[in-house]
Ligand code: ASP
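In the block that follows, a single chain appears as structure tokens, in the form predicted on its own.
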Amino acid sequence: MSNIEKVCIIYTGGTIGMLPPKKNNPLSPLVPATSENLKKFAHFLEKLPVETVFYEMDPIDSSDMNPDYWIDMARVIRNNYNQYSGFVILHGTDTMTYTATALSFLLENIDKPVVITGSQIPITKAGNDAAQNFASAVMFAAPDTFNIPVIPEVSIFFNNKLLRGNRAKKISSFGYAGFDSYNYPILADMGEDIFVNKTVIRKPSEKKIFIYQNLEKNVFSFDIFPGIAHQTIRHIFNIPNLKGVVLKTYGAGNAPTDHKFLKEIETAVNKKNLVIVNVTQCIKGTVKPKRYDAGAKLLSRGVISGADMTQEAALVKMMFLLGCGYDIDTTKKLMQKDLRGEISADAPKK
């Protein structure tokens, strides 16, 4: 029995475990159930040759996810790290990529799989995708048992694909293929056989696990759109205690060249000392700030390139770096450096 791998299942709520609050009204709006209720429908775990231990956090709809909850999750993993071969986090889909990104930064020096999964249909309903996602995530969290290479990073498993967590994006609110990774190859593909792309997996750390426990919440993210008023920009930049902004721009990193708009950007960078990061609104591609004059004008006013980071990754990375207490210049440099595989090392930054 001592050779059986143990997997820690961290249950946070989300669609996978939701039930109608009124038993006599199955159409009442779904709410997160307890892990005990979820386990009643997870008999497939008994067929897996691993030991699974549930750790229930406060079950929430992932719309209520927040930085304090992320830090609590990181603490659970750290405190139980040596007892398990890997961790599976059951999570709602709406903010799954934010959580995966946050944990990728908060967890330093991991050498075990941390797999986040969930479902589009609750495990209690017929035709659900929960059982397959759940069972597969457990398999990746117990690699020796299933003869799978260890994938020592925070990942998302969904619809037979294992994705790097801080590269993933939610692409559908209803389809089984709820997530994809457009700017980075998938880590593994599951079918009759399991294919693991060893060339793109991060190397395990030989150091002791460490977690960061501070995230800066005074950040903001918004889309540029045709006709956006410079007064709106000014109000955003005047938010009290604001430290950083993710600016979601057009195409390869372009924004209006209107003088008043650019003046607000310049003031925010030079007088308010805001960190402003340029990411594209496109789900695929990278920021190339010198390709067009509309992007070069942002660069010349101190806006830094987020290259091919997702909007979620750029925002959470900013929260992480500012939470570490780095000065503005260091934060800007690190925002453009690959720390956890969230940005391509060769992505153009100028």
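In case it trips you up, residue 1 is the first one in the sequence shown, and so on. This is a predicted model, so every value here is computed, not measured.
The same protein also has a form predicted in complex with the ligand, omitted here; what follows describes it.
Report yes if all three of T99, A102 and S155 come within 4.5 Å of the ligand in the predicted bound form by some heavy atom, otherwise no.
-> None of them does, since no heavy atom lies within 4.5 Å of the partner.
Only one of N128, T93, N183, T249 comes within 4.5 Å of the ligand in the predicted bound form by heavy atoms, so just point that one out.
-> Of the listed residues, the single hit is T93.
Could you check which residue among S136, S85, Q120, T124 gets a heavy atom within 4.5 Å of the ligand in the predicted bound form?
-> The residue in contact is Q120.
In the predicted bound form, segment of 74-82, 272-280, 205-213, 112-120 with a heavy atom within 4.5 Å of the ligand | The contacting stretch is 112-120.
With a 4.5 Å heavy atom cut-off, would you call L19 a contact of the ligand in the predicted bound form?
-> L19 lies outside the contact set for the ligand.
Looking in the predicted bound form, any heavy atom of S62 within 4.5 Å of the ligand?
-> S62: contacts the ligand in the predicted bound form.
Along 214-230, which positions have a non-hydrogen atom within 4.5 Å of the ligand in the predicted bound form?
-> Contacts from 214-230: none.
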